[in-house]
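Okay, so here's just one chain, in structure tokens, the form predicted alone.
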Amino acid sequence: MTEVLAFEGVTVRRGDNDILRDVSWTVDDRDRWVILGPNGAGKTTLMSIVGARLHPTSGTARVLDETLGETDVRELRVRVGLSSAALADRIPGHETVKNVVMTASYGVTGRWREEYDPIDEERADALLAAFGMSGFAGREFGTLSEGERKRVQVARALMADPELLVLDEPAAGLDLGGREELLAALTELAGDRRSPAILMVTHHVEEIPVDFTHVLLMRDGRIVAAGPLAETLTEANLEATYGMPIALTEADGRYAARGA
């Protein structure tokens, strides 16, 4: 396996506050990680560094064998597929769904004067089909439901054939049907050996797709626990993460948690 991510003592400081504190973490190319933690734990900040959109205040962050602060982040960002609410907010509502996906090839969020080859069109069509969105290719992005937008965003994140896929709360705001449709697609993606390493941020263990391999638990900018999912996602670690008694259950590779 190849190492795609290596953080050593990564800290992000804003004024007198440490948003991330001494984070050391490695990810290999076959890994599928879920990142859990309460609001303010530092999850989104961590993913901003992974996506080469933020530099650490101190420590070393290597992404796809490039050290942040010593590389051209514009080139690196294209190698990292990113789906996040912040990115979605920058997509013009009038842009067609197919263009939303294709523009990821240039790392932009709206068509301008760039040109695309037939192979780009074919890949965008194939990704939309994979996420059940073929019939929406000509629709304006702003007319889609939240669940439809989420699936388009994941398709877009895969457009440039990334070496690392980052999904920041992809199921947030979805109803039960939309969540299950998305998790089914992510389960298929996770089980495909051709897929890149995947990092997925969520607030809920119920949103962990089957076939994810590892979990990172965070609280107050620090890592509480990190490792193989089956060994690390425990009631004790969840209690340390959320500061309350937790009852955890598992069935057929899916998890559920509630206050104990």
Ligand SMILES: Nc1ncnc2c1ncn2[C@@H]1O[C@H](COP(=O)(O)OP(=O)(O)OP(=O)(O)O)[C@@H](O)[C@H]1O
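Residue positions are given as counts along the sequence shown, with the first one as 1. A quick note: this is a predicted structure, and the numbers were derived from the prediction, not measured.
The same protein also has a form predicted together with the named molecule, omitted here; what follows describes it.
Q: Closest heavy atom of M200 to the named molecule in the predicted bound form, within 4.5 Å or not?
A: Judged by the heavy-atom cut-off of 4.5 Å, M200 is well away from the named molecule in the predicted bound form.
Q: At 4.5 Å between heavy atoms, is E95 in contact with the named molecule in the predicted bound form?
A: Answer no; every heavy atom of E95 is more than 4.5 Å from the named molecule in the predicted bound form.
Q: Is G40 one of the residues lying within 4.5 Å of the named molecule in the predicted bound form, judged by heavy atom distances?
A: Contact check for G40: yes, within 4.5 Å of the named molecule in the predicted bound form.
Q: Report yes if any heavy atom of E169 sits within 4.5 Å of a heavy atom of the named molecule in the predicted bound form; otherwise report no.
A: Yes, contact at 4.5 Å.
Q: Report the stretch among 42 to 50, 55 to 63, 189 to 197, 22 to 30 that approaches the named molecule in the predicted bound form to within 4.5 Å, counting heavy atoms only.
A: One stretch meets the cut-off, namely 42 to 50.
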